[in-house]
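Next up: just one chain, as structure tokens, the form predicted on its own.
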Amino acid sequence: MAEQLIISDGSKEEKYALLYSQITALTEGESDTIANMANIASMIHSTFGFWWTGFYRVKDNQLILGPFQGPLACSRIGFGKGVCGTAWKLRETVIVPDVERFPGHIACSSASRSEIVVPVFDKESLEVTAVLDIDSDTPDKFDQTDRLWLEKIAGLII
């Protein structure tokens, strides 16, 4: 069984770099997508202490809740709906500094203040198969450093 290292010291960039190398090592030996999503959500959540960290999988033309860490979550999200559905539709990462200012935001938790959603593509980078959704209880929590590293991490899932 692999031991997870929790990184509490260092810059955000240093934390992501170490986390990325740990996730790379973990996913190299595991072909099951759900297992990888579960461990990745746990590792990101433990490293950064975000409010909610998890995945929604594309199934039957909607996003279905997948592995996550944090409080209760919405089970299903439609294409183009909320931040997750928008990232899926646009096929790009969406950073929302203040969820109350995002038109059509789906409030699964009133404690969520900011959010980043990263699409996960299939091996050919043609179809979105899932999204990585991370919420913070702090406004304006996510930036381009988060985008860069979370996109790299999302690339390790499939």
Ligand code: SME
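Residue indices: 1-based, along the sequence shown. Every value quoted in this text rests on a predicted model; they were computed, and no experiment measured them.
The same protein has a further form, the form predicted together with methionine sulfoxide, not shown here; the description that follows concerns it.
Contact annotation for residue 57: none of its heavy atoms lies within 4.5 Å of methionine sulfoxide in the predicted complex.
Contact annotation for residue 106: at least one heavy atom lies within 4.5 Å of methionine sulfoxide in the predicted complex. Within 4.5 Å of some heavy atom of methionine sulfoxide in the predicted complex lies at least one heavy atom of residue 52. Along 55 to 77, a non-hydrogen atom within 4.5 Å of methionine sulfoxide in the predicted complex is carried by 56, 73, 74, 77, in order along the sequence.
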